[in-house]
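This document opens with one chain alone, in structure tokens, the form predicted on its own.
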């Protein structure tokens, strides 16, 4: 612990109190065993979600409760953090999510009711930017990505460019921001998320029989696994990926998750193991007396 970490004393104290009110496994199991969605929400009403549930008029609108709670959580963490700029980094992916929703609404006619209020950018300005093709008010990297999407889509009419451009700029910005702010902890988190995303992309592309060119476009930069090693796996059986990762930190995840995908043709187990891997990375934050780690660990717990 560095002397600077003591500036987090108040924030960590608040987080420790909030952690005791997280929805625990026992309550989740009671919700699973509930006879209906209405009964499941009654169980959830015994938690911090009680006030929000009381205002719910339709059980099918439960997503609004979760979205509101997530925004409240980010607002709280932002307010109590002595370095709110680090919390803003965590909100960037919601800005990217909102841009994806807006571009898909514009080009594909997909409903834009999936917008999140968590991001750091004003939604009205984002909606105006996409509808008018005027991206001057966006941060530089997002502006560059948005302009690239507009140009590329008009030429090729390929909706994949929306995710490709924005995912790449997202993780590039996340890692760059973590390094600029001197946070090895955040950098380690983002690098692991990039590795896991690249692994899932490789398996997905291989299972679908897609080509190498698409794979190189999908791969995200800044991961710890060399991209040329992953690309080489496209010409090998999926079992070779398990062997390649057998001496890495992802050995157990690959052995179980990739094998399950080979046997069942579904990514669900690998997705779950990926979330568990990130949870394990963040778990030591529960015993960190001071610092950013407990705040990020709590954010992750609420998102999960």
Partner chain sequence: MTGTEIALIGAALAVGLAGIGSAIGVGIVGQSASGLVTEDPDKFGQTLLLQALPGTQGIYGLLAGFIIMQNIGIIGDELLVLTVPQGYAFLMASIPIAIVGLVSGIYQGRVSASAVGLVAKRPEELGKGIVYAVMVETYAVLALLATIMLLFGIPL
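Positions refer to the first chain, counted from 1. The structure presented is a predicted model; accordingly, all values stated were derived computationally and were not measured.
What comes next is about the form predicted in complex with the partner chain, which is not displayed.
In the predicted bound form, residue 283 stays away from the partner chain, with no heavy atom inside 4.5 Å. Shown alone here, residue 24 lies farther than 4.5 Å from the partner chain in the predicted bound form, counting heavy atoms only. Taken together, the three residues 249, 272 and 277 all stay farther than 4.5 Å from the partner chain in the predicted bound form, as judged by their closest heavy atom. In the predicted bound form, the partner chain lies within 4.5 angstroms of at least one heavy atom of each of the following residues of 14-31: 14, 16, 17, 18, 19, 20, 21, in sequence order.
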